[in-house]
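Read on for two forms of one protein chain; each stands alone as structure tokens, with the labels structure 1 and structure 2.
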Structure 1
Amino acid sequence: MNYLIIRRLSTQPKLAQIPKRWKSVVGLEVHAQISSASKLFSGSGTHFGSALNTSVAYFDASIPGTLPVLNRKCVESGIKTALALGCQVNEVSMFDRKHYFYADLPNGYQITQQRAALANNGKMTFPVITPGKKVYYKSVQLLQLQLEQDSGKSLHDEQLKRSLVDLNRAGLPLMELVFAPDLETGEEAASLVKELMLILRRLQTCSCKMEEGALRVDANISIHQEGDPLGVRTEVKNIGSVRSISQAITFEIHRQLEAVAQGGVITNETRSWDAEHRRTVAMRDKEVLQDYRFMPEPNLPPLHLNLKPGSKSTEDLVSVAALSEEIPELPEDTRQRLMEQYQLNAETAIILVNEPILLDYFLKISKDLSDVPTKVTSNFLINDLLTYCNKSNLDIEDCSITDSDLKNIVKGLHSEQINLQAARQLIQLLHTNPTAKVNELIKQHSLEQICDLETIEALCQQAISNQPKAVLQYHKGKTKALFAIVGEVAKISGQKANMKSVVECLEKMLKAAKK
């Protein structure tokens, strides 16, 4: 009972540690919808949110007499993704039919590539960010990258005991990325997906909008004791966001550990992630092992690609070499470049690469203000701008501050015209009046920093007289008491004093007073 109460109160189970000798193994299967104008094998549109059953061609509805014709853009996107993930692209790949009966699969089979996929043996190396722990790099092998069709969408009407089927999604092009079970925790899985999303967005092969169903992640989770072979795995589906990945996997690992601790057995089943109650739930029809009866697709000859270096693409033969030149800088390369060229540390580089808009601001500001140290710019962007957006529940894309405004603020900070508090105020002011100019705002709200030594000395004197207790403690040896006095100066100066000179001045005065 206590366990249930704990579960309801906290977001993560209280059982934080996995008992020694037990290892958890997680393997991900990611389905990424390729951004293309038309579907994989038919000419109907792929626009999200179109009217019911209108983006459906005769082939998608499985009308007899229709045949599949492969979309070149999908092949190119698949190849580009494979190359970016370090895969070996296969010269010949073949399509298969995967048979199963479901209302949203009109054909009764899905065209996929099981035997001979588009690419194999890739690798992804990415930073794992766990709150409270140091960042470390993890490498996961990509077993297979294949092209396949999506099925339609069904809405379950429990009252009337029926399903409503919309075939707009039937036939949409998907890339299935099958990763090896090299992961161990939910955070590692979430970091993998984050990195994958960064890569796919840069390549522009997938929009990665999980809320639109453009990226779907299924996790295979099992536990075993050290030295034993891999345990029975369960599959978790219906994970709707990056945060859910980490939550769902952590929950499932603990559920399995609990079950085994109580003497139970893990069955090979498919479970659904219930985001509302934060738990995985068993799904009905999966008690019996599903046999998909894979069969080569008779309507499609093998797909040939041109692997010769220096070749060009023709109408029916896509050249892999030509596409490899179109791949932009990958996130890991950007991080390395930020660390080497701009002397940023690993954590800062990771945060900047994770937020492309911040990265853009950083690069622009650093280019224009070459005398400002990069650390000042990056600190300001991350600690002040990003924090402001998070606090006000703003997406950084919706923030209306232009990069020239940010440049002026950073310039002001560096030249000590304004201090950090003023900079933060400026951010807020600029967001509410986007047309205002930084210098005008500084004058309007008198945000200039007080650097004048005489004024500072006067303020320090006042603070010392206001805080006799703190002064005594400082003289006793508690140097931290200085900050109480500094805080007093900040208060009386309306947060406008130059903190560096205040501290210097106070230390001088207090040492003089001691004598």
Structure 2
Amino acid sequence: MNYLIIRRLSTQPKLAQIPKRWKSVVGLEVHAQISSASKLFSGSGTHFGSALNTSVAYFDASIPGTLPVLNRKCVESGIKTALALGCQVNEVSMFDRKHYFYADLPNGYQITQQRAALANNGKMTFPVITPGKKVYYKSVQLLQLQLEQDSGKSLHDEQLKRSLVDLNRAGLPLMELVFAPDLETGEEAASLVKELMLILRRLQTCSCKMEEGALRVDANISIHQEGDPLGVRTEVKNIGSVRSISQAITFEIHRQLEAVAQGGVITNETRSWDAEHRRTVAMRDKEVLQDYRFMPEPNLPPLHLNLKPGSKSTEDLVSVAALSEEIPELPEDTRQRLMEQYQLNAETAIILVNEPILLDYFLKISKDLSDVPTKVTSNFLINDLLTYCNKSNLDIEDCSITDSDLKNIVKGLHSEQINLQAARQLIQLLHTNPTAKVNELIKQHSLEQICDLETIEALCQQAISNQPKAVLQYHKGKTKALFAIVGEVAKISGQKANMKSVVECLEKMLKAAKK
């Protein structure tokens, strides 16, 4: 009898006894809103936050007699995304009508590409970062990338007991990316979405602002015993942040394991993620298979593309080869370049690329301060700047420190004008006083590093006097006792003494005293 150990969180099931080795399977469906000034089939605007029902064309409202006109920019964005994800772009794709009733879907159907999509058979390889574990790479198949239109939005007024409809979102251009169930954990799913967001932003095909609904993630989750067919899956809809993706999937896996351990049965249902209570909540079951009555969209002809190598786009035909020349350097290529050009290790390169602003800072500082070792720059940005932002619950994009200020801090570190403790104080001071200058703050707060040898010798002598036990232990061969004396120097100097010089001075003085 094997036991499955589940780490207990406040929202997770208790330790359960499971009668065999179980495996979890996760597949993602991602809806990415294409960055475009107009909608997929109409000329109305796409600006987020517009006044209710002000970005609605006659076609969006399903006025009789109106016809769809395909947005060329959206097609080109879809092709670029497909190429970046290693897909096979199809020479001919078709649009379909997917029928279902929503109050905010005026047509009663959605125009999509269910049966003959824009692209198929892609592959993504991405790094998985799990706190406390070694970084590893995971690959996942991209089954299909299709273009489709979004629905509107229903607004429910609980006080007046009525629902209203905003059609601003109706017809917004979407790319639906359907991934194979190749993932096993919430961390892998979150890492996949993070990598996808980096790629889409590089391509400028999607803003990926999840708080605006520009990127929405659905997760299909199941468990099964090793060697058995896949189990019954549940779908967690519209997960709203990268962190919530990991939390929702991890919780749902544990919930299913606990249900099976207690003799229950997993039902095919749709669930939502309750971020406040950190749990999934049942929405509706899927016992009755919904018939979407797919049919070809009669008002849109097949979409033909030019797949010939070296071809150019024309007014009537988009060239895939021409668009492939516009693909920028992708995140994984940047990681390899950082390791080769700047001699960074893989984990450092991954962290820098995962934080685009941090990467920009690194490249600018490395260019302007070519004499400073790149390790000094990368360590400061990751271990100090990024750590400060994380501890302050601050997105690095919202940190008010400029790249010029960061460059001056790194310069001060390298020249030994300041030490690491002072550099960390400067981060906090600059964030709260964005107009201040680095050198002014150093003088104003007396942050200069003590490098004068006579002063350091005096500090070391005082520390030796204050730590007689540590001195005795050091003389008995316990070299780690030196750290206690070094800490005393740091305390006496207000964390301003040059620690490298302090260690050298203490070793010299203690060795002389022993003789």
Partner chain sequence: MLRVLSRRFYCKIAAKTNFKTAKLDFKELRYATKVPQTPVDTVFPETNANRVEIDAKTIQLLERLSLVNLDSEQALATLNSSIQFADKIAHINTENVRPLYTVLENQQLQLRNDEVKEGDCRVELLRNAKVTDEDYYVSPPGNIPLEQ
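Note that the structure is a prediction, hence the values are computed from the model and not measured. Between two forms, the rigid core is defined as the largest C-alpha subset superposing within 1.5 Å. Structure 1 provides the reference sequence; residues are numbered from 1 along it.
Asker: Which one here is the form predicted in complex with its partner chain?
Answerer: Structure 1, not 2.
Asker: Do you see a C-alpha shift of 2 Å or more at residue 80 between structure 1 and structure 2, with the core held fixed?
Answerer: Moves: no, less than 2 Å.
Asker: Take the rigid core as the frame of reference and indicate whether the C-alpha of residue 416 shifts by 2 Å or more between structure 1 and structure 2.
Answerer: Comparing forms between structure 1 and structure 2, the residue 416 CA shifts at least 2 Å.
Asker: Once you line up the core, how about residue 42: does its CA shift reach 2 Å between structure 1 and structure 2?
Answerer: For residue 42, whose C-alpha is compared between structure 1 and structure 2 after core superposition, the shift is less than 2 Å.
Asker: Can you give the CA shift of residue 445 between structure 1 and structure 2, in Å, with the two forms fit on their core?
Answerer: So the C-alpha of residue 445 has moved 4.2 Å between structure 1 and structure 2.
Asker: For residue 387, what C-alpha shift in Å is seen between structure 1 and structure 2 once the core is overlaid?
Answerer: Its C-alpha shift, to one decimal, is 2.4 Å.
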